[in-house]
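Coming up is one lone chain in structure tokens, specifically the form predicted alone.
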Amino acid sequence: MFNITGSKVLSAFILKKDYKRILIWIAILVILSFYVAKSFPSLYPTDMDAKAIVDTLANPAMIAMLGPYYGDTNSFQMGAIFSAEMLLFTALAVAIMNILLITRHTRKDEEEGRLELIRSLPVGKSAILFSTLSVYTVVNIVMGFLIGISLALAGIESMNWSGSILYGMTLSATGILFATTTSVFSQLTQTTRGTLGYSFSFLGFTYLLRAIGDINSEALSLISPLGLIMRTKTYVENVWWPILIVLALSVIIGYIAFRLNNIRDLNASFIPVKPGKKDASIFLQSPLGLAWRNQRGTIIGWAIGMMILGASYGSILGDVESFFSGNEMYQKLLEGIGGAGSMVEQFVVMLYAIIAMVGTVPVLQIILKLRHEEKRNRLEHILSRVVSRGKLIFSYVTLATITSLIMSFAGTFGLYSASASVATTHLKFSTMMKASLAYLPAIWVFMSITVLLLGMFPKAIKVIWVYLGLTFATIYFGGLLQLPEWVSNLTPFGHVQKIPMEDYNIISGIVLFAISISLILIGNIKYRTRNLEG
């Protein structure tokens, strides 16, 4: 039924093309899982500390955020605590990995014309999709085994081999499921942006469905793949049937992807693209207007996502205020933040760091879009008119700057709206907005580094994602891994004042702003003088 002629050669080609990305993803997931597991005994050295975290995990807000805790509430085991805190978030990272990599070899290659070249060779119509899913099925299984082995070797008594392997296989099954769902969306949509949009929307929907189900309805959680994988009860009962169901769903979804691939034409889709207007508006006839038109869907989608992210964090502030106050163990957990504020204030500081780093992603995407247009030879149509390179890059920088403001406001609005409805005493909106705006200079530094790379080292521009990933690991896991302060100072976010615990230091903001302006000017000069690359 499905012609997969040539899939063996294509699989080798995919591995050769992507082996660096695969190794980086696997290394990050394995190393992070191992070191976080190793740090747990020092985080919870006594039964009192373990009881505190177990009681916290039983709170409805924490269940909505992390999933249910299945361990014994009287006998505290590190494995059960580790699984409750880390399994869901690691599964989200695995899902993101598969969404990005599957999109790269399906819709993106098709959109850019590479699949047309491959299909002109003696290969079957289903060979490309079969090769992609086969390679990443193996990648997910290998990744799961390596994570399981690393956890078993962490030297924690309650994290035995059977539970560790199940933990890893749970992540493998999650990755395979999202690989197949992304392959379906790549058939339904006509653009890379559409495939990513639908795939990430599906991921967000499954997360919210699980959160609602874990609080109100077990049936809803079982409908959600993310809720289903939590029912493996890793390191407690070690149940395998949820993995079998997820894999069975993956087979069904994969079959649908192959069927859709077989009945559609190359470069076609099942969801029609809305035709544009016959005449462009005056605003669209400028570089800034064109940049906004190309990116508005991404910006609006990210703004909604930031609002939901802020609301999800804001919904647990009431429990933080009532439960965490005076808890010495949580003082230790948040000691990496520093300051002498209340538990709620320390928690808000951490939340704003996370919201700011997430909000940096769409800002960088806008600058990277300019590089994408350059590689596709689309800038020649613009620059052949009365448009300078300086004006072009200024338009994208302006849009990225406006986007950073939108993301800051959206995250703050979501956080404030949700926290105001659950907390007995909540921070003022002006205070929250001030805390959010304090991170803008740090976001602009990231933007300016991207502009500098665009002007001087365009082929290495994606290194900015590595820097942002290391920044997230440093800020978010710094206290957990007990990293020295100088490590956080290597990132712009390490120099932002911890509002509301600290007063805003305008000198620090001016320095970061001056650095960003300088890097943008240098990047602009280099961009105007270098050759455009096709």
Partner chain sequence: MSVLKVENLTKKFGKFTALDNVSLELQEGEVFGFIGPNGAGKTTTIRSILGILKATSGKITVFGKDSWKDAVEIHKRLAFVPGDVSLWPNLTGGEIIDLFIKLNGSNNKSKKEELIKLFDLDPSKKCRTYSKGNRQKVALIAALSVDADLYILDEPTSGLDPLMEKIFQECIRNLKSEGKTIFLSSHILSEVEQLCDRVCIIRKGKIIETGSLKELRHLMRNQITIETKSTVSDLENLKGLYGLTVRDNTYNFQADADKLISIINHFNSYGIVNLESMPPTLEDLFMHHYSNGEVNSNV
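Positions refer to the first chain, counted from 1. In this text, the rigid core denotes the largest set of C-alpha atoms whose superposition between the two forms falls within 1.5 Å. On a predicted model such as this, the values are computed, not experimentally measured, just so you know.
This protein has a second form, the form predicted together with its partner chain, left out of what is shown; the following refers to that one.
Looking at R119, you'd find every heavy atom of it more than 4.5 angstroms from its partner chain in the predicted bound form.
Using a 4.5 angstroms threshold between heavy atoms, D265 stays clear of its partner chain in the predicted bound form. Taking non-hydrogen atoms only, R193 approaches its partner chain to within 4.5 angstroms in the predicted bound form. At the 4.5 Å threshold, heavy atoms of N216 stay clear of its partner chain in the predicted bound form, well away from it. Contact with its partner chain in the predicted bound form, defined as a heavy atom within 4.5 Å, holds for exactly one of L153, V358, L383, L208, namely L383. For the options Q365, S158, N294, S134, the residue carrying a heavy atom within 4.5 angstroms of its partner chain in the predicted bound form is N294. Heavy atoms within 4.5 Å of its partner chain in the predicted bound form belong, among the stretches 226-234, 171-179, 253-261, 383-391, to residues of 383-391.
Relative to the superposed rigid core, N377 undergoes a CA displacement of at least 2 Å between this form and the one not shown.
Annotation: Cα of G297 displaced by at least 2 Å between this form and the one not shown, core superposition.
After superposition on the rigid core, the Cα atom of S286 is displaced by 2 Å or more between this form and the one not shown.
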